[in-house]
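There is one chain below, alone, in structure tokens, taken in the form predicted on its own.
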Amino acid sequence: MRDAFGQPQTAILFGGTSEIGLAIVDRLAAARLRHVVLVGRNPSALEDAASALRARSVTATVVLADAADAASATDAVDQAFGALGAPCDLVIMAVGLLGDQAADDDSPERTATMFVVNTAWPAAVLAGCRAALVAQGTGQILVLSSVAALRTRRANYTYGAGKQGLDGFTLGLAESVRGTGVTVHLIRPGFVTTKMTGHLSPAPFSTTAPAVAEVAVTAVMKGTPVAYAPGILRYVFLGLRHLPSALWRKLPG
């Protein structure tokens, strides 16, 4: 359960090797986090992350699950909450697949995988987490979306559309848990410099995983429903969302 200062002491990270997800956990570990379950598909990378947390006196447990397999969502939730063995203070959803738009364009298989990883699997997992947290009467859910969800671009429309699905689902999820003791927080980062984006040229207002983590943890502590990283993107996209299509097409990328 949360400590006297409202700091999460237990957490489940879906996307257990995500740089942003681990930066959030790292930030929480510097406060009062005592037990985290890392859920992902890469056993060695998960164990490396868990070992680093254990070195900081955080109990870290690994659960294997593949976000490309939509049918595995229920089992992933059951195993994660079972491994925690205590009420969960915070669920972090940091699963995502950037893809390659040129390769995705004409591939039904790749497109289907993009939507399973970016939308279907996270939404299914969150539905299971909702049931568990509502049953315990407390808890927070933190979902990493993207500003790409606000308006799709030719350069990454499959990724953007997948994030649109998760973004919209999260907003509805937040409404569904009103009055239950559970709260939901949606984070919309811009371009984040990580290993996943290392081959791309940084976009304007680029940020880092630790900077996104700071925004995310602040949102959880302050109860902010939707936050942008960096914050200026809230105002940038207020304009870009309503930009005429003819002008939108001329933007780089």
Ligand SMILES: NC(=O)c1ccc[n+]([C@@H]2O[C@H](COP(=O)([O-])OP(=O)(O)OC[C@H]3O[C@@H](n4cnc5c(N)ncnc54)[C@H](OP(=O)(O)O)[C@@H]3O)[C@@H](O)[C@H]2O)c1
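Predicted, not measured: the structure shown is a model, and the values here were computed from it. So that there is no doubt, residue numbering starts at 1 and follows the sequence shown.
This protein has a second form, the form predicted in complex with this ligand, left out of what is shown; the following refers to that one.
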| field | Contact stretch among 94-102, 78-86, 125-133, 168-176 - heavy atom within 4.5 Å of this ligand in the model of the complex | value | 94-102
| task | Give a yes or no on whether every one of 10, 32 and 214 sits within 4.5 angstroms of this ligand in the model of the complex by heavy atom. | result | no
| note | Students should find that, of 42, 57, 218, 51, the residue having a non-hydrogen atom no more than 4.5 angstroms from this ligand in the model of the complex is 42
| Among the candidate residues 65, 227, 184, 37, which is the single one with a non-hydrogen atom no more than 4.5 Å from this ligand in the model of the complex? | 65
| query | Should residue 195 be counted as a contact of this ligand in the model of the complex, where contact means heavy atoms within 4.5 Å? | reply | yes
| message | Whether residue 117 contacts this ligand in the model of the complex should be assessed with a 4.5 Å heavy atom distance threshold; does it? | response | yes
| said: Quick check on residue 145: any heavy atom within 4.5 Å of this ligand in the model of the complex? | reply: yes
| Within a 4.5 Å heavy atom cut-off, is residue 191 in contact with this ligand in the model of the complex? | yes
